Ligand SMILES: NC(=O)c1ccc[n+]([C@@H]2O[C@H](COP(=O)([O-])OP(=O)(O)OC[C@H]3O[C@@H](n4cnc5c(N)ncnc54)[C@H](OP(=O)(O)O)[C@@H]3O)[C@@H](O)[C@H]2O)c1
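A lone chain, given as structure tokens: the form predicted alone.
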């Protein structure tokens, strides 16, 4: 994948972890943040961990959107709609936006181990309503532990990708497969994202109860259903 990956909200745990994994895989990553110096500070932290060859930079969110047509949204749900409204003029036509947002009750002062209802059906479907016409949205990465992503061990988790656009599905699956031991699976239409988002709340509850960092594995499908990096096979 030759184009840069702009991680919007990339200074948070999930965004930082995904950025770290993709930089380790040799991808070019732009960390987006409301605060450009904070974005560059996060990028510098990744460079120190990965090494001198790390292709990572930090920018304010709007600049990050303008610099790439491949966006990954990793912000808390309560700020999702307002941020997308703000960024709409900066999002390039024809972009693919991959949404990792989960509408957790904790975002509005409730319990993290449950989701809240979203009028559109899911956080990803809400995103699809706010992006400019012609921008494709996929939902992915909701079930991957941020703690694991920010560590050094391989990620033992499948990533279910949901989208109404086959190209966006493929782009998101390719990105997921860049992360060692992750398997990407086509989860069907974007409306299925609501189910995947709810699994995150279940995982949070399990991880609190059992003091772990659990993910999900989907078993029993034909080998062709799983996309993995060649080195992971």
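In this text, all values refer to a predicted model and were calculated from it rather than measured experimentally. Residue numbers count along the first chain shown, from 1.
The same protein also exists as the form predicted in complex with this ligand; that form is not shown, yet it is the one meant from here on.
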{"item": "Residue contact check: residue 212 to this ligand in the predicted complex, 4.5 Å heavy atom", "value": "no"}
{"item": "4.5 angstroms heavy atom contact with this ligand in the predicted complex for residue 23", "value": "no"}
{"item": "Contact of residue 144 with this ligand in the predicted complex (heavy atom, 4.5 Å)", "value": "yes"}
{"item": "Residue 102: touches this ligand in the predicted complex, heavy atom cutoff 4.5 angstroms", "value": "yes"}
{"item": "Residues 68, 94 and 132 all lining this ligand in the predicted complex, heavy atom within 4.5 Å", "value": "no"}
{"item": "Heavy atom within 4.5 Å of this ligand in the predicted complex - residue from 49, 38, 189, 181", "value": "38"}
{"item": "In the predicted complex, segment of 166-174, 50-58, 27-35, 181-189 with a heavy atom within 4.5 Å of this ligand", "value": "27-35"}
{"item": "Within 4.5 Å of this ligand in the predicted complex: residues from 69-94 (heavy atom criterion)", "value": "74, 75, 76, 77, 79, 83"}
